[in-house]
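The chain below stands alone and is given in structure tokens; this is the form predicted on its own.
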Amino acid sequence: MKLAMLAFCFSFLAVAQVPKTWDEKQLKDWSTPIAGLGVRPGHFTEEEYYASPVDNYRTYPVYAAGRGPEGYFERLKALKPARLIEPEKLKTRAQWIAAGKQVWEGFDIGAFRMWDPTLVEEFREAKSKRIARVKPYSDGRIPGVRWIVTEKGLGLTAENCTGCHVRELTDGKFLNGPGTDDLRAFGMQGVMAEAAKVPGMSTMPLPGDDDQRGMWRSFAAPWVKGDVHEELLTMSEADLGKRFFSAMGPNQTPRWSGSIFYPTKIPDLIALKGQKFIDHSGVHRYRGTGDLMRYAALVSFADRSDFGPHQMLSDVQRKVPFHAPDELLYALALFVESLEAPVNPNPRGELSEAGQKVFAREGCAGCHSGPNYTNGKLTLASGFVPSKEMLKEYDILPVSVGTDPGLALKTRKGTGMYKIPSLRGLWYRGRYMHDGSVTTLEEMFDANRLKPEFVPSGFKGLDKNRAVPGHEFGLKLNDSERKALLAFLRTL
């Protein structure tokens, strides 16, 4: 009994020691250097970060017309500002994770908050054509948007985590972690941006910019010779829209510092297990819970967007508008680390056992090893040669599998490398390669995808035909071997 109590106490003490989010010592070598610059992205100082106001507001669901609880809006109007998380009430790891789920569901994108009475009334009724065109979830909630109560009163805001990393399943339940497989949340955030006349269609409204400059600030990489993003400054509004939406799709959206020319699929956060880096191109180290806290802060409100001598934001825009309490981000990170894949419906059998032998024979475990089927290392993009110093400092497999180097060499997320992905959960993810070009394992292992006349079922850009290069392992298998290998992969 005493041993059990001691174990409980030590467990609680371990949980209660909340890491500092913006820790200069941890930030120093957290980011991976940018290819072509050889320097890490700049970040706000610890002093700048913690000097900003603390933001910890509770948010509430928005319901479609006739779908909310009776008297719901009236109760919202009467509410006072409340904290999203109350850390003093959390005593066990389970309680912290439960609080993290509340953060996951209620954390918002602060830059999208709006209190315009006309907009509030439109969403209260939820009958306007632009709201009705977005199909609600099965429980009546409108995707992508939340009510928020602050000292300014009742307003609207955009979902943060759940805007990109939640799927509604056929039984009406929700799967947290993987990229969303529909565009409803983005559609509703587009409605909000349209209502507020947000420039640039970027991931955050930027004061003082028109559409072209806003898009350029979102994605440009001026140090890249012939940077394609310079075209954004002179594109017409119609062409900007076409190019932006060509990078959108199920489980795919362009993000700040990403690219509408070289987009990525939304990462599956369940697949972080076994990884040593964050994002497809390994832009940051993943050394533990503190790094997830830092990443959540970075993408939500604390991205300085400095790259060597290149400052992508104006002096007015370049500030930390607010920061979340460390306890909030800690609870969120614990919840993300607790995420588990759904029960795999694909049983092991004779065919998958044969596929496991093909997997071993072809040397797949050289990269996709261990319980999570990844060694967690970085592999080289075509044409990138890391320095001796990088090879010593980073966990790099110094080979290239021929993947399209656009993201890794021509964007602000360009480290010159790609992360070796986990194969766990391939059966439910639905998009493959870092840019989501192919949507089935059959397509992934089809040699025709290497041809310029190939029509990918996933990301295409503005062109219908496009080769999908890279990862040619398995393309020379005969039909029976390929069928067996795919059966095995679907059991992982």
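So that there is no doubt, residue numbering starts at 1 and follows the sequence shown. No experiment lies behind these values; they were computed from the predicted model shown.
A second form of this protein, the form predicted in complex with heme C (HEC), is not displayed here; the remarks below concern that form.
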How about Ala238: is it within 4.5 Å of heme C (HEC) in the model of the complex, going by heavy atoms? no
Check Pro267 for me: does it contact heme C (HEC) in the model of the complex (non-hydrogen atoms, 4.5 angstroms)? yes
His323, heavy atom within 4.5 angstroms of heme C (HEC) in the model of the complex: no
In the model of the complex, does Pro421 have a heavy atom within 4.5 Å of heme C (HEC)? yes
For the interface check, one of 26-34, 456-464, 433-441, 53-61 should have non-hydrogen atoms within 4.5 Å of heme C (HEC) in the model of the complex; which one? 433-441
Interface check vs heme C (HEC) in the model of the complex: of Arg217, Arg255, Arg167, His229, the one with a heavy atom inside 4.5 Å is Arg255
Would you mind picking the one in Tyr295, Tyr137, Trp147, Phe384 that has a heavy atom within 4.5 Å of heme C (HEC) in the model of the complex? Tyr295
On the criterion of a non-hydrogen atom at 4.5 angstroms or closer, are Pro309, Ser369 and Ile396 all touching heme C (HEC) in the model of the complex? no
If you apply a 4.5 angstroms heavy atom cut-off, which residues in 460-492 are near heme C (HEC) in the model of the complex? His471, Phe473, Gly474, Leu485, Leu489
